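Have a look below at one chain only, the form predicted alone, in structure tokens format.
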């Protein structure tokens, strides 16, 4: 249980006790909401519960607050309770109890902050899912980092998470890719050929075609064109997927499942999902096409799922995919992370899930907005190497995977973001990535030097009572907030809380180290502070690892 939840439970017990004593009237107990006050003088936690109870109880909220405070059960966590107008209860945590938590953090180590919030609930997290028709770009990287960080946090919160990439290996886009690569293959062989109007024009297609020529020569020139297109396209798709996997792995992103869109048609999910929609009365044939009547579920318009040519739309594939997720693999929740160009697809997907008989709230969709690359104030639009869109690999090669991950996570997914390449490379406090990782490296250096100088800090004696400095207590207080951050990210699916927390923790550590010497002639105090430093190292490392970043021992 997080400290925040523990405080809420103590307040709930106090309210129930006051009602039991008759000092407050009986009524249904509402949820007790506890927050961190903005001002330090208001304590560590505060609740406006008395204000919410005032109307139902017919009492002054200040009087309610006083009676709840008077009935709070004894608790080692609570140091001071104050009532404030117009009806707040402010709670300060007992510094002696906080000091004792250093040992708890040290014992739990890289499991510190874990919770059972998810209670094993099965969650499928689908992200990236870029068509295998070209390299990953920066916007794809943002969604990839967001998905992998959320998967880390949800796992820490007790959810059973399946990380999944939906491979769009069927449909018109793949046909265009296959034919484009075939044309580039012919051109590489000196044969005249024109690119399709909607072909893939990137230089990577030229390079891929030359690679195929080097390996297979003119083998495909003697085949019937359709067969040559199919074989070359398959080779190209496999190599694009391999490149996607390499780039994602370099970014620290890996998947449990690579799910093939084609398998939905081969495995019968498309037919089963369509039959279920037809059975529910949600399909209608008109204008030569098959329509999903989503207006019956509150949508502003109906949507085509099978074109007049008989070809299923991408929406049809998505419906079959979600049939598979919910009705065949029985995930409790599904989280999709989509790019900004899919914003208009959200409501109709929710409607389709409802038509399949699934509660729409079990499907959560996060839209990851666009990224603007900058060098200082200058917007960077194209690659210097190719003159085309800058790939994710180029950005990683320039600034490193850790910087990519931190910057991509630093803004809410629904906000567009600027990525300053020059800032990401700075080795100074201006760069938040360097600032946070330097804090970890500094801690590692402190512990290493202490060992070299013969300091010890084992558990043979309890030195926690010596941690009384405001800077020591502030550091412990911030360390304990990690469990709250994990639960907040798990419930809100807003991963930007992670870099904010890591930066705050690093700042408080630097302040602690500035004001509190660690290696002193007073060996018991040194041991207490070294234990605190070791605990801070574990929490900072955990924060970095949840973001998918490294925790360097040296900088």
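Residue numbers count along the first chain shown, from 1. These numbers were taken from a predicted model, which means no experiment stands behind them. Rigid core: the largest C-alpha set superposing within 1.5 Å between the two forms.
What follows is about the form predicted together with the RNA, which we do not show.
K.L.:
Applying a 4.5 Å heavy atom distance criterion, does residue 343 contact the RNA in the predicted complex?
P.N.:
Residue 343: yes, in contact with the RNA in the predicted complex.
K.L.:
Please run the contact check for residue 85 against the RNA in the predicted complex: heavy atoms, 4.5 angstroms, yes or no?
P.N.:
Yes.
K.L.:
Do residue 418 and the RNA share at least one heavy atom pair within 4.5 Å in the predicted complex?
P.N.:
Yes, residue 418 is a contact residue.
K.L.:
Quick one: does residue 282 come within 4.5 Å of the RNA in the predicted complex, counting heavy atoms only?
P.N.:
Answer no; every heavy atom of residue 282 is more than 4.5 Å from the RNA in the predicted complex.
K.L.:
Tell me whether 212, 225 and 298, taken together, all sit within 4.5 Å of the RNA in the predicted complex, counting heavy atoms only.
P.N.:
Checked in the predicted complex: no contact with the RNA for any of the three.
K.L.:
Just one of 189, 410, 293, 234 has a heavy atom within 4.5 Å of the RNA in the predicted complex. Which one?
P.N.:
Contact check passes for 410.
K.L.:
Which residue among 260, 108, 131, 94 has a heavy atom within 4.5 angstroms of the RNA in the predicted complex?
P.N.:
In short, 131.
K.L.:
Specify the contacting stretch among 456-464, 262-270, 169-177, 213-221, defined as having any heavy atom within 4.5 Å of the RNA in the predicted complex.
P.N.:
In the other structure, the partner sits against 169-177.
K.L.:
Going through 182-207 from first to last, which residues have a non-hydrogen atom within 4.5 Å of the RNA in the predicted complex?
P.N.:
Counting only heavy atoms within 4.5 Å of the RNA in the predicted complex, no residue of 182-207 makes contact.
K.L.:
Do you see a C-alpha shift of 2 Å or more at residue 420 between this form and the one not shown, with the core held fixed?
P.N.:
Moves: yes, 2 Å or greater.
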